[in-house]
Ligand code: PEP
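Just the one chain here, laid out as structure tokens, in the form predicted on its own.
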């Protein structure tokens, strides 16, 4: 059976665990043996090559560490996986006996690198897991899967690890859950594993993000584990011990996707009411855009710019200040108003740039 099928059809969550980086043979073996005692752990991971932002950061021990991971897999009777970023990595990993390959976010963002790896795997049956690109580009993520499929690799799994932003207040990589949800809509055949370690960058948030992934019906989790996380050579703050992993998994609440007939009736009634409200929302938005076009006409006739910055600031400040009246978060209000504003600008631009009919 394909790995993707095992992930999709098996008991949730399918857990991938192991150190961010392989640091020594003893380190890899000890943590892999420890996490393997948890029945949810189905795949062992370790970073062999580490693509780092700065050149003087620890970039992995390379090929010398491959046998450590392979031997840990044999000792625990579990398959192994590591990240590959080029043809040379692929060849070394296959030669060492790695069972599953994964493509990192920094590689997924580069179609040339993805194609090189796909070409290197032509004619080889091996599971491949693909992390989202570092930027929130669904088409780029989809394109990576398509490149491997065109090379004959069909045992594919998605890994959601969040998206890079500059100095986010909470996350190392913002989850932007709408992107993996959109991936699932486009490719319902692909199982999705969440990587809360890279999303959070902090071990104290791992449970929160893992639970969110389970509530969104993701099939699995990839959680970095280390015998002594605070002393890890890379990404120390986001790794947990074997006991830490056990604690996270024990607290997860797994909810069913199956709906009983009685519940279906109650949900249908509520969803019908929601649909009526949604229709009203879109009717109101349509009416609002008609008024925006009238505003655009006035601006055109009086040679005014479309964007009136002071007025827009007053609108935003007022909506955010009153968000509590509607039980909405500040983030949602801001995103909604920005979307409405952009659509309003589009309507006004159409009006203002329409050529006058000659008499």
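Positions refer to the first chain, counted from 1. The structure presented is a predicted model; accordingly, all values stated were derived computationally and were not measured.
What follows is about the form predicted in complex with this ligand, which we do not show.
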Looking in the predicted bound form, is this ligand within 4.5 angstroms of a heavy atom from every one of 42, 79 and 127? no
Does residue 195 make contact with this ligand in the predicted bound form, using a 4.5 Å heavy atom cut-off? yes
Quick one: is residue 191 in contact with this ligand in the predicted bound form, heavy atoms, 4.5 Å cut-off? no
Give a yes or no for residue 233: in the predicted bound form, does one of its heavy atoms lie within 4.5 Å of a heavy atom belonging to this ligand? no
Since only the chain is shown here, I'm wondering whether residue 17 would be in contact with this ligand in the predicted bound form (any heavy atom pair within 4.5 Å). no
Of the listed stretches (101 to 109, 84 to 92, 213 to 221, 143 to 151), which one has a non-hydrogen atom within 4.5 Å of this ligand in the predicted bound form? 101 to 109
Given a 4.5 Å distance limit between heavy atoms, list every residue of 49 to 70 close to this ligand in the predicted bound form, or none if there are none. 50, 51
